[in-house]
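We begin with a single chain expressed as structure tokens, specifically the form predicted alone.
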Amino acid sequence: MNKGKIFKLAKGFRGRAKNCIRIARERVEKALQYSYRDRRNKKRDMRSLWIQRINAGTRLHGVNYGNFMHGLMKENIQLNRKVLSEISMHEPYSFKSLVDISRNTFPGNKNVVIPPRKVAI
């Protein structure tokens, strides 16, 4: 990379990392490595968040995440985790129908007892 491109990428850095070419080059290279790595980590983190949301929604209806997803797979309902998490948050009645379909399809879901809710005193 030439000087101009490095200084353009180093804009906003602190200290000599924004105006000294040797330090700027090192900082820009490291910043590009971080951005490459974190683009992959972002996908991982989002998938984890979607799974947590789906699990919270299914446990309200007495089913755990693994059994819910297995029931959907058996029923050939092909909704991805992002869509399922949005449905669980914004459309609880539609999500309950999906949980019921999964529960009826997979026998591991039927004997689950819904835990009683704690009442605030």
Partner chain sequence: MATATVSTLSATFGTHCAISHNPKSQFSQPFNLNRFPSPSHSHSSNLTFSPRLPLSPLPKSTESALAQTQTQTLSPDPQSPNWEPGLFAVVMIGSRQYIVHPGRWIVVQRLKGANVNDKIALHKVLLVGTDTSCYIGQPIVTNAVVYATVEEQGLDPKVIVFKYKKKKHYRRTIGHRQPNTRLRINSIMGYENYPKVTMDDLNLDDTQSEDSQS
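Numbering follows the first chain given and starts at 1. Just so we're on the same page, rigid core means the largest C-alpha set that superposes within 1.5 Å between forms. Everything numeric in this text was worked out from a predicted model, so none of it was measured.
Below: the form predicted in complex with its partner chain, not depicted.
At a distance of at most 4.5 angstroms from its partner chain in the predicted bound form, all three residues Leu9, Leu79 and Ile101 contribute at least one non-hydrogen atom. The closest non-hydrogen atom of Tyr65 lies beyond 4.5 Å of its partner chain in the predicted bound form. Contact annotation for His70: none of its heavy atoms lies within 4.5 Å of its partner chain in the predicted bound form. With a 4.5 Å cutoff on heavy atoms, Met46 counts as touching its partner chain in the predicted bound form. In the predicted bound form, its partner chain lies within 4.5 Å of some heavy atom of Ser97. The single residue of 14 to 31 lying near its partner chain in the predicted bound form is Glu29, the criterion being any heavy atom within 4.5 Å. Comparing the forms between this form and the one not shown on their rigid core, the Cα displacement of Ala31 reaches 2 Å or more.
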